[in-house]
Structures are given as structure tokens and as C-alpha cells.
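Here we start with a single chain on its own, the form predicted alone, put down as C-alpha cells.
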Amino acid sequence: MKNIFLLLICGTICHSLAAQQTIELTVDARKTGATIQPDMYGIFFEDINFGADGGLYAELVKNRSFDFTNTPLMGWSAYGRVEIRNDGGPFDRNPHYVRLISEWALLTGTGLINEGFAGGMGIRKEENYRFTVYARSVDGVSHRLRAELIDSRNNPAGYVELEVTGKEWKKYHGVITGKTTDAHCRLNVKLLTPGITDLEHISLFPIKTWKDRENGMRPDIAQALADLKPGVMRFPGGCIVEGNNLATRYQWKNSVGAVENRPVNENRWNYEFKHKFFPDYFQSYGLGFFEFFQLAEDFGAEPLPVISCGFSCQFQKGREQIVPMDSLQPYIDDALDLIEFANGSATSKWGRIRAEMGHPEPFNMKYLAIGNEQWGPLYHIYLEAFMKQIRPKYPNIKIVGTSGPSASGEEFDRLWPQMKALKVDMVDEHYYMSPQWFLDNAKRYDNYDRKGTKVFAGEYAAHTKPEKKNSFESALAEAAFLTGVERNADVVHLATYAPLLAHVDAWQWNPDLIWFDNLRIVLSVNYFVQQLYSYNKGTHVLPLTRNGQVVAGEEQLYASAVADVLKKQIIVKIVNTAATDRNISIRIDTAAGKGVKPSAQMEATTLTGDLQQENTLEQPEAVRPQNYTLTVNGQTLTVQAKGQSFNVYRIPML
């Protein structure tokens, strides 16, 4: 018993000494290393989880043009005498409109009630909402039309009345002031006087949108994206680029021009998961390519559009489609025309359309991805056909190819050499893997070829089990993995987490960076990891070692360092995945005449929490970064990395 007691004491002392042992790291700042791309960390938008209509796009009316495929009244409840017509409407690409016939004998009156998205329309008290409609009086008599909000308890919540005059189609508008705050309002559009009136493109927007644009974005979501300071913005997908079939692929030309005449498209994600049917999931294209380019410009991000290469989504096993090679030219023309739309002069065919939409200056697009995550023996052949026409005409456009849907395996191993042979500028790698995979792959890019084709980590997220949660566990694993991405900035030029957005009441895929309902948003823990990397990316890589080796998982520690020559800082990132706190010394080796600024205040940020914690709408600040300062004395800094934490240290330099 005495010997056992002594062993227990010895074990306790040894464990305590190990916990207190200082880990020594060295940053070699004598010469700056590889350049970090200024647009390295960015965002990837795909219209999944009702990310566009019902999400970022601020329109509150579902199926505003009555053109949902085979169900023109989906989202609407009609009462009285309502007819769907498709002859003589004002918009040729959205042909359906409604005819309201009101008679005194109809005690209910005649009208339509729109249910909004995901159970309603988010309305705030005392805020103003712009109601618009295209209308005509069929009988030539003036008719009064009322648009009224109804709250979730069936009480009136604000209205506006309009006078419809004349037999010609005209746009009418008015302002409704919300009388309550309610996430589940509906819109009742009612004909108040007897007669016949036609209506088309019924719309309700908050007047407060991002940048106060009439066809604008929901401001809280757009601001959250802007607050990431993204360097690049990839859009519009993802699998929706490919479509359920070629007919439903994303066609960018349908998403520009007058918003009222952009044809509705079926969303790729409407029936993908058999337990999550969303037959009302369509794309109005109100958030189209012009708006995507405009948002990228707002955010200071480089636009990176993805276009169809002639393949429908290959996960539709048995139903996938590939356009015949001799019919591929229209797809290539779409790519060439897109470059002209983005970069051409205001007098060119497609540049003129951009100018007419309000942006005469080019968007200066420099990236173009051809295909999403295609695989198989034909993709590289199709990609080469695109490149043979794009390269001679637009040699400065950087072409992004793909390595397929997986981070390794037969297709990955076959596609990478093909992409190198074609000399694409970047290969888009995707990995949705376990947190342990992310930890194990912190050295993934250490041995990649340093020359030629670069990597775009276009879609990635750590998926926990059994539930895929936006937990601190997943965020910590991503932070650790990104130290390896940062260390290899000469190989990895761009990185974007995915997916970006999810409505809490209407989602198909998780985890996601930002969650929202009809009135609120919550920033996930993963969001803050992305933000910390974006804010602290620096300008050049610096070697960081422990005993001459990179710090990538040994003793559950991960670290990287960069210099920011503009801010005169060295930025060190340390991820401690162990449960215990770690004492760490960081020695900065500098050239003569350089060094750490003496007696300066060093800014530091720590992100830590319980591994299972998530930020939710009810507890949006469960895990958030904490900022503090430390006094710097000399070339060696001593810090403490808490157990299970991500730490950023910004060291001021002479």
C-alpha cells in the first residue's frame, strides 16, 4: 500500500511538471517567406438552406411572379374569384399573372394571401416596407387594391391602398409601416372594389436593405459577410451550378437584366434529401450575377464565378446528363460572354447590359471556375475545350479546375495530373471530413509541388458525429488545419468554408457558417475562426518551428506565423487541442537592427470553450473571441495557451 501511495504521488508530481513545462517555439523573421495572397480567405455562396430567396435576398414574397413550375399559386392562398393566366402578361420570361374578379355578391371578397418564406415574413414595428405590383384594370374602371400585413395571431399589422387605373400594365408602389414585430406575418392583397384587375410581380421589400438598394439584400446577413472581410467571393454554387438536370442548371444570363423578367428556376436542393422535401424551393434570380458582382465589390472581395461545363450534378446517379461535345459551344459562349459582362466596356454587347443595370465600370473579374466538382474520364476533355477559346482571348483570366468531390481517392489522384497537364491556374479541392481528419491533415500541403498549379480550398468544414454541429470541436479542428494552409500559402492561394448560410426552419445541409431565422442571425463559432484568419492573414509566411520541426500536431499543438509588413507586426497563431493549459515561449529571431518593439503592448485574441458548445439564436454569444493585451519585453515572449483554445498574438516590430 505504501509503494502504491508513493507511485500516486510521483505520478501527480510528474503530471504537474509536464503541465507546467514550457514549450519553446522559434519564429525566423530574418527574411520574409512566401507571399500570402491578399484575397486568400473568403466566402462561398450557394443557394442552399434557403440562402438566397428567404435569406440574403431581402424579398419577402414567395413566388412573386406566379411562375413556380407546375404550381403557379404555390405560396399563395386564393379566395373569391382568382384565375391564373399566361396570355398577354408584361414579362415574356415570366408569363403567368393573376386575374382578380370581384363582385358584391362575394362576401369574402377576392384576393390572395402570401405565406412568405419558412413560415412567414419577418416584420419589425415602425419599419417601412416597399410594396410594388404590376397591374392593369381589365374593364378600364379604376379599382382600389389593398396590401395588408397580417401577424401570426391574425391581427392587422399595417397596410397600404393603391388605385389601379387604365388598361395598360403599370408599376404601382406604396409603403407599409409595420405595426408589430413578428417573424411570421403574411401579406393579404385584396381587390376592394367590384370589377376585374390583373396583377403580376407582387413584391414586398424592407426599405432598409444593404446599401439601401431597391432590389437589395437583408442588411444583417450582408453586414455579417462584410465583417468577415472576405478576400474572394465564390458564387453561385456548388451543385446548383450543375442543376438536377441540364435544363435546371444555373444559367447566368437568366439572372441579369430587369429583375421582373428573370425566369424562375427550380432549385437543385428541393428534393435532394428524402427526409427534407422542399417543393417550394425555387430561384427567383432576384439575387443574380449582377448582384453577386456588386456584393463582391461592396465587400472588397475578388469575384469568383462558377459556370456549368456541360455536366448536370453527377450525384444524381442514373439521371446525370452530359451535353454532347458537338453541342458544347453554347456553354463555352456563356463563359466568354460572362467575361465580357464582368470586364467588357460599356459599349460591348454584354458590358452594355451591365452598364444599363447601373455599373458602367468593369467589375475587373480575374477568376473563373469551369465546373463545380466534376469527375470521370470526360471532364478534363470538356475543360480543355473551354480553355482553348478562353486563353487566347482572355489570357489574364485565372482558370479554376476541380479535383472532384473528395479529398483523396482514385478520382482525386487521376484529376490532379490532368489539371496540371492542362495548366489550370488553380485546382478546387473539397473536403467535408471529421474533426480528426482536419487535425491529421495539418501537414497536407507540406509536400505539394511548389511550382505551377495552385490549390483553391473551395469547400471545407469539419463534420462531427453523430450530429453535424457547428460546435467548438469542429471550429477548433478547422483552426488547427488552417495553420497548415497558412504555412503553405505558396501552394494554397484561396480558401472558403462551406456552406455559408442556413435558415433554422428550412435547411438541407449542416453545419453552416451563419444561421438565421426571419428576423435574427447567429454567427457560429466556425465564423469566428474564419474571421480571425481573415483579419490576421499578414503579407508573408514566416517559418515557425519547435526543435527545428513544423508544429502540426505533436503534443496536440498546432502553430503558424506570418509577417504583416504594412502593419509592422508578426502574427503568431497557436491552437492547443489538449485539455490542459500550455506554457509557451515564442522566440523571435530577427536581422540586425530589427526586433520586437520594446515595452510595447501586444494585442492577443483567444477563442475557447467547451467542445460541444454552439452559438444559437437563443445563446448567440456562447463562444466568442476574447481580446486582451500583453506587455512585450525582449525577443522572447511567454504566453499561456488555454486548454482547447485558438490563440492569435500580434507582436509589434521595429
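On a predicted model such as this, the values are computed, not experimentally measured, just so you know. Start at 1 and count along the sequence shown; that's the residue number.
This protein has a second form, the form predicted together with ligand AHR, left out of what is shown; the following refers to that one.
Contact check for Val551: every heavy atom lies farther than 4.5 Å from ligand AHR in the predicted bound form. Within 4.5 Å of any heavy atom of ligand AHR in the predicted bound form lies no heavy atom of Pro303. The closest heavy atom approach of Leu60 to ligand AHR in the predicted bound form falls outside 4.5 Å. Ligand AHR is not drawn, but in the predicted bound form it has a heavy atom within 4.5 Å of Ala498. In the predicted bound form, no residue of the candidate spot (Leu228, Tyr527 and Thr605) has a heavy atom lying within 4.5 Å of ligand AHR.
Per the 4.5 Å heavy atom criterion, ligand AHR in the predicted bound form is contacted by stretch 44 to 52, the sole one of 621 to 629, 608 to 616, 583 to 591, 44 to 52. Here is the short version: of Phe315, Tyr535, Tyr271, Tyr79, the single residue with a heavy atom within 4.5 Å of ligand AHR in the predicted bound form is Phe315. None of Cys239, Ala296, Leu415, Ala489 but one reaches within 4.5 angstroms of ligand AHR in the predicted bound form through a heavy atom, and that residue is Cys239. Along 455 to 491, a single residue, Glu459, places a heavy atom within 4.5 Å of ligand AHR in the predicted bound form.
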